[in-house]
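So this first bit is one chain, no partners, the form predicted alone, shown in structure tokens.
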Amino acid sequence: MTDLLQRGVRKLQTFEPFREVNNTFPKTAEILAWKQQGKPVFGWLCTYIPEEIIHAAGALPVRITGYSQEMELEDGNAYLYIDNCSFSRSCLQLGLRGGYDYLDGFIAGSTCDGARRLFDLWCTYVKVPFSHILTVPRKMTERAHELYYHQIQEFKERFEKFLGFQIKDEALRHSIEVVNRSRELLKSLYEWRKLDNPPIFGAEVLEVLNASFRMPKERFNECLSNLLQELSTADVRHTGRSRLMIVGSVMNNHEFIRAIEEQGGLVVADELCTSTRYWSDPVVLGDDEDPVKALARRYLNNFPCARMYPSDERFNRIIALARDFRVEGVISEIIRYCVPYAHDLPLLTSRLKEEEIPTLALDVEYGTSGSGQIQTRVQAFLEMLEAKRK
């Protein structure tokens, strides 16, 4: 299986730009070249932040993530309690050690305790010229939409004041088109995963997604279009022992998925804030509509995070994905102390059980690549799925 993975990677020539961006992050050539041209770079944390506003200002939006693998987090642990998730501690460590020293600003959402504390400490110890945090409602009621619209409008106004110019509606509309194009292309990429024998592995898809956070959107769209064109003619088709979906906490290390696929699991779908929940819903903008209102509607109504209430909308979407991609088993990876997903898992497991879809729950640290213990449990899970099929 390992040889098959390696052959698949080599045959996709248009995949290399994504890998190069990820291998050099956070000091990628794309970001540094942008900065050398005198153009601003702003970091954003959490999928509830409308990156279209950053893009419309002529700035580069870069998603804040931690190290690409599991690391010792001496600095992060010194400033954040150990019962804060290792994602927030890893992000802080990378910031404290100068990984993001090119940022002109940092925008976050008050979506969980880890994100909130990370924002506070970033502003105090990492320091950036501009910082802003949005209050994100936990519901999708009419009042919640009104609140969120005003939150985004307030962010836009503070951002404009910092930049010294107004972001025109025309620029916002153009940015919505560009980012919607990314979403459309990513949806097309996922369509290939519905095949019995997809031409791309789940680990490779996560690499594409990681690159989408780390390069100009126009350049990303061009690279992804090239990849999709190559996939349409590629003679590589992958098989696996069972079709799997990954759900749970934030994840950026593609080696975690690769470890599953090396054992024969075919990861064909995912529900993560760094995957489907990031790109799933486009911004729907009417001809005469206020683009800020359209952004507020899209970002609050998007594929929900586990923090959102009630949970039924998220569960229904996960089950719809499982049916659409013909998923046989679900692997839940939850970072230790990630409270929203830990509390959510028993309810999700129950709903999946009603669909006769087994779940494997893995308690991990951010950046893990799949330890021996995890591999053993995945192997047993795959054997169970095979026995169930018989």
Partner chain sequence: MTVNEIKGNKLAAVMKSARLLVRMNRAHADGRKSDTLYYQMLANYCERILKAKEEGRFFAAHSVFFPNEILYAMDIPSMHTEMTAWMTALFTGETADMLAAGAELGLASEICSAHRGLTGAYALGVLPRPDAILWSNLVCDNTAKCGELLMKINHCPGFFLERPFRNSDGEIQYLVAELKDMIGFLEEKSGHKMDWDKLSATVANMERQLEIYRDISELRKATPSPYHIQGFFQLLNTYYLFPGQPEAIEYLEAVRQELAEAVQAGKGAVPNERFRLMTLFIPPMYRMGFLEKLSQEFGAVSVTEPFFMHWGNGHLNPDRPLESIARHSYMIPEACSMYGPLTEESIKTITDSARDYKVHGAIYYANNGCRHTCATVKVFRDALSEIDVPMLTVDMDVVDPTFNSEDEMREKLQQFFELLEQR
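Residue numbers count along the first chain shown, from 1. Just so it is clear, the structure is predicted and the values come from calculations on it, not from any experiment.
The form predicted in complex with its partner chain is left out here; the points below concern that form.
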The stretch from 229 to 237, 259 to 267, 214 to 222, 76 to 84 that lies within 4.5 Å of its partner chain in the predicted complex, judged by heavy atoms, is 76 to 84
Answer yes if any heavy atom of residue 98 is within 4.5 Å of a heavy atom of its partner chain in the predicted complex; otherwise answer no.
no
Does any part of residue 283 reach within 4.5 Å of its partner chain in the predicted complex? Heavy atoms only, please.
no
Residue-level question: is residue 340 within 4.5 Å of its partner chain in the predicted complex, judged on heavy atoms?
yes
Please check if residue 154 has a heavy atom lying within 4.5 Å of any heavy atom of its partner chain in the predicted complex.
yes
Candidate site 116, 121 and 133: all three near its partner chain in the predicted complex by heavy atom within 4.5 Å:
yes
Among 272, 147, 203, 292, which has any heavy atom within 4.5 Å of its partner chain in the predicted complex?
147
Would you mind picking the one in 112, 71, 189, 128 that has a heavy atom within 4.5 Å of its partner chain in the predicted complex?
112
